[in-house]
Structure formats: structure tokens, C-alpha cells
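Coming up is one lone chain in C-alpha cells, specifically the form predicted alone.
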């Protein structure tokens, strides 16, 4: 899997002093313009070694000749022999970090979180006995069979689904004759899994991301604790995860608001999956198909309706650095509209998945909205970041923010 070229020569790279320092401090990416020299051209997926200015081993990683991120780091520190045993030990160590994190009534979680777990551009999510492997860079494509073998050996899933980032789909087919879908024996396109005792469906083959948004698990639990006795609005509701927790938490009613009829239908199915819970079955569950931004703006301008709990969890509002300022303002205006729909004593849960908007920028945008709409009659109940199965080890890997603001 990690062989040298035909001459037996390992790909050797030297980088700029700034890049050398960044790698030494744990940053997992080396950009192409930071490569000062290499002993020969490299192939995508090849193992490359970085040497420092004193010709000492610095790191090793996977090379990608066509990407702006030329090398993604796998290991720093002392030299190691990268063989089959090394990869097995690496996966065992990663999986050990998930041991005991969740209760037995949770069967949906992230097993590998990309660079943050030392597996650059690779995600592995579990939904019951089905695993979803999502690849974000071409450097893994030559090694797919080896990856599959590692996963089957250590996890023994019933089915493995391969998902590719959009920019890889055509390349994977042309260069490797690879398509998204099941690796080996096929399974179900939609599977059921448990999260804190609730049952959800995950569209593992065709759904967004890997089929469900596992990263909001802890924030959904926080919503459950806030929902008792309230009318709840779940804006950008997707498949109703927050709504179902609110219903179990004793909400009087829950309204899902989403532009996608497919998402709203998925939420209805998730409620049906949990209908045996008398408390959930008793909650009035409604759906509103509309653009959530426009609906919230119009509802705020009209002076209602009023809710005891409003959740705003939009898609990323700043997908690139050039959109950062606009994203901050979008979060501000979204919070302004949502806060106007709160009853006295009500709470806004605002969330952001925009990596280019920092936690401080997001918090300040929401707090500025609170001062403008509520004056001093509000308080921040809590702020939150990443879930324990979504660890963060470098700045660019930090994307999830959430905060709860309560109207007095």
C-alpha cells in the first residue's frame, strides 16, 4: 500500500521555515507553495517524508500532486515504519478514543474525524451496523481496498457505504473506476439507529453528509432540557432531530420549518419511529415548508407567532473566507428575527457550522442582536462547541458553535 517508486526512492520533501514550524506545532496541511524542494515528482496517494532544514525527520504524510494541499500529515515526531501493523495500530488507537463516550442506547456516532483524529480527509461514521466512509481527497483512492480491509477487521460491519466529496466523483470514476455506493455486499439505503434512546433514520447512500448530522447530538440533549411546556420552532429543521428531543422533553407543540419537503417528510418518519413513547405521541407536531430566512423575517415583522423556544441551525453561511463578513451579518439578522418571536422567559438556541466564522464572531453577532431586540432583558445560558466524537486539533477543523440566549 505504501510502496516507494520503481527506483526504490522514497519521496522526500523540504518545506519553507514557516511551514516547517506549523507542521512541528501540529498543523496537518502543507500547501504546494510551501514546498521548497523534493527529490522527484510524486504520485497522488504516495507516502512522503518531510525533512527539516537540518535534514532530520520531521513528519510523514500522503502526497496529492493535483491539490493545493500538497501533503496531508499522518505522523510527526520520531521516524516510524509505515506498514500493515502500523495502520492497524493507528486505527485501534483511534477507536479506543471512542470507548465509553456514549451510552449503550446510542448507536450512531463518528468513529474517525479526519485530520483531527490523524486521518486526513477521511470520515467514518457508524449508524447501527452500517458504516459510512466519506473521502474528501483523492490521495485515499489508490488505497480504498486496504482501508476497507482495516475497517472490516476492526469493526466487522454488516455494510460499508462509500461516499465521496463532490469534487472527487468524476475523478474517481475516470482515474479509478470508483463510484459511490456499497463496498462489498449491499445493505439498506436508509438505516435506523439509536441516539440517547430515540430512533432516527439515516439516508446513508444519498442523504446529506453521511446521512445525518451527528455533531449536534449534545445540543439536541440541551434542547430537551429547555423544551418543557413550550411551543417550539425548529428552523432549518432538516429531519427533525431537535424537534424530537423537544417533544420528549415535554414541549406543548413543535413546528418544523424547512424549505425541503423531503426533509420535512423525513422528520415525520422520525416521529413515527418513536410513536410508542406516549409523551412524544401526545405532542402536536406541525410542518411548515418555506424558506426559513424569509419566513422568520416575515413572522418577526408581523409581530408573531410567539414561541417559548426557537432553534436556528442553518447550513453554512460562510463557505469560504471571502464570505466571512457577510456570514457574520447573516447570523446577526437571523438572531434578530428569531429573538422577536420569543415569549418572555423563552430561549433562542442559535447554531453555526461555518468554519470561517469564529466562535467569538458568532457569539458577538448573536449578543449584538439580543441587545438590539431585548435591551438588557436577556442572559446567555450556555455556549457549546464540538461533540466528543468530533474532536478538533487545528484551527481550520473548528466549525461548530452554539449558544442559548434566554429572554427575561
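As the structure is a computational prediction, the values presented were derived from the model and not from experiment. Positions refer to the first chain, counted from 1.
This protein has a second form, the form predicted in complex with a small molecule, left out of what is shown; the following refers to that one.
Exactly one of the stretches 286-294, 151-159, 168-176, 101-109 approaches the small molecule in the model of the complex with heavy atoms within 4.5 Å, and it is 286-294.
Put simply, residue 79 is far from the small molecule in the model of the complex: not one heavy atom of it is within 4.5 Å. Taking non-hydrogen atoms only, residue 216 approaches the small molecule to within 4.5 angstroms in the model of the complex. Contact between residue 337 and the small molecule in the model of the complex is not found at the 4.5 Å heavy atom cutoff. In the model of the complex, residue 242 approaches the small molecule with a heavy atom inside 4.5 Å.
The contact with the small molecule in the model of the complex, taken as any heavy atom within 4.5 Å, belongs to 315 out of 326, 181, 250, 315. A heavy atom within 4.5 Å of the small molecule in the model of the complex is found for exactly one of 221, 146, 208, 92: 208.
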